[in-house]
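This document opens with one chain alone, in structure tokens, the form predicted alone.
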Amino acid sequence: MNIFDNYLQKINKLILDNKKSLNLKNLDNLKNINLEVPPEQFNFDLSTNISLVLSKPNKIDSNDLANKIKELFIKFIIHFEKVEVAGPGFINIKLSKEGILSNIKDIFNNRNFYGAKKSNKTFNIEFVSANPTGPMHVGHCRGAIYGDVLSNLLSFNGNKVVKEYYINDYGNQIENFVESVYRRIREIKYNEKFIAKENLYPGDYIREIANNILKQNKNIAVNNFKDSFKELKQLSLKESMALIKNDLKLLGITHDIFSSETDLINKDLVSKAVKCLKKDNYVEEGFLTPPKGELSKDWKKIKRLIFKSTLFGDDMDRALQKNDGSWTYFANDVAYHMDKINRKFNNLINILGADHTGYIKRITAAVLALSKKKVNLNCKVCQLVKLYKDGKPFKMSKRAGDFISAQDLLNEVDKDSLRFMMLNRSNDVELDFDFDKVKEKTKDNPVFYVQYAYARINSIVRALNINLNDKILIAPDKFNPNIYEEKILRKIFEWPKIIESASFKYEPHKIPYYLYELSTLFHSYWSKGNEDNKFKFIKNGKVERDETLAFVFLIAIVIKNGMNILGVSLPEKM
């Protein structure tokens, strides 16, 4: 329970108990009532839209209703010390000292989960799923961090979350990858020149994979690619996935499950998925509509199995078979999602790259069809990352061949900075990653500023020889927060709202934003103490006011919970 849920329950009960005196006949909108932290200029602790929500369906003047509700608040909710009507019917609320202290006590008692919006859903979050043809690149980093932090966020709320990686280890790209390794092995073993023909992978990492395979398999036969393919595919994928898993480890990311496309094919799950769709009359044999504009030379009017995805909101029906009758990549993906549905997840989340936006409607349609609309699939797209240094686009060495690898990036900045800054903007907009800013030890570097706030708090704790896990008890008659502490307290109370919004909308970027704002308030308070002795935290080795220590501890609780969700470390000294 948090401050908003606690008082919202009391408000809802109060309205239901007094609906006759308030002349409320229609309470269908009661669930739309919000309780928020009002803008700073109002100098109140809480604000509700209750009058605006209930006045319209009941055809009552919002201000008249607000004034009646105001009287009920003052009379029946003991923690509501001052209540005022503002604007067209908003009601602003100032808590009593007892109310504030009661909420502070609740935070201390539930410090490890303060802010959590309790839930017990099951989530499967599939993220990264980079093609196993080499190491991760910069674009994968953003999706990897986003998926990992979203998983942490939903787990923080008590949900069961499984983090999954789908290995696309089937099809032409894998054949090209294996052939690249095959040619590098022959280059090393027989001094045969590697010819970088179209679709092969020229990066130096291919040579590393080839060397690793040869070290462990000195007698491997590479006389004929076709004969070597099966064994070499297995060995090449093992090496490639080792590269990817190492990149993920360096980013602080582990997956619970690695699912293989090849395994789905071998288990004939594609045929089973198509059969399931056929049973519900969602698949038919027919002809695709020709693509708009100039026809591709590869397009042919051929009868094939087609999924009626337009029945579920897609723009067009989708082919399940290629021209030669083999399954399309989409058909394999349908089978994979049926497998996830069969594993009893009621919420599926796919984290996709910027080039997969057009794929969302068809796979969402497939999940709706396969689950009989019982399973939710939410696809989140992570847009591109642009690198900058010295105010200019930054080009790093491309060990990978034609892209900048995750390891190149981690050679420039540490994991903490990378994780925090990759979430510094919403996932659906492009991100400018400035190396200079990330390395600064100033307010302009958000991750440093938050870590520095926590380090400063720990310096106070060391100076006083106390423990951050201690509870600070404040007597109501001694509770008199100053203007800085009031701002901090309201920001602390806002934390559950940030968690709720970030969780509901799958927008974990709201957490670093909030932590930066909270840290800014703390640093401003600290700086004021250097200017004015009455605001100084420690005097003669002691804290004169318990409120000061309580607020410092509250900040530490929120920063710790937030940074744990982000997967970013909190050094006690900087």
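Treat the numbers as computed from the prediction; the structure is a model and nothing was measured. From 1 onward, residues are counted along the sequence shown.
In what follows, reference is made to the form predicted in complex with the RNA, a form of this protein that is not presented.
Student: For the interface check, one of 204-212, 262-270, 357-365, 229-237 should have non-hydrogen atoms within 4.5 Å of the RNA in the predicted bound form; which one?
Tutor: Single hit among the candidates: 357-365.
Student: Contact between E36 and the RNA in the predicted bound form at 4.5 Å, heavy atoms?
Tutor: Contact check for E36: yes, within 4.5 Å of the RNA in the predicted bound form.
Student: In the predicted bound form, is there a heavy atom of the RNA that lies within 4.5 Å of any heavy atom of K70, even though the partner is absent here?
Tutor: No.
Student: Though only this chain appears here, would A86 touch the RNA in the predicted bound form if you measure heavy atom gaps against 4.5 Å?
Tutor: A86: contacts the RNA in the predicted bound form.
Student: I'd like to know if L65 sits close to the RNA in the predicted bound form, meaning any non-hydrogen atom pair within 4.5 angstroms.
Tutor: No, L65 is distant from the partner.
Student: So in the predicted bound form, are F42, N49 and S527 all sitting within 4.5 Å of the RNA, heavy atoms only?
Tutor: Heavy-atom distance to the RNA in the predicted bound form: all three under 4.5 Å.
Student: Though the RNA is not shown, can you say which of Y336, Y114, Y449, Y282 has a heavy atom within 4.5 Å of it in the predicted bound form?
Tutor: Checked against the cut-off, the match is Y449.
Student: By the heavy atom within 4.5 Å rule, which residue out of N411, N224, T442, N469 makes contact with the RNA in the predicted bound form?
Tutor: It is T442 that has a heavy atom within 4.5 Å of the partner.
Student: Judged by heavy atom distances of 4.5 Å or less, which residues of 50-74 approach the RNA in the predicted bound form?
Tutor: If the 4.5 Å heavy-atom criterion is applied to the RNA in the predicted bound form, 50-74 yields L52, V53, K56.
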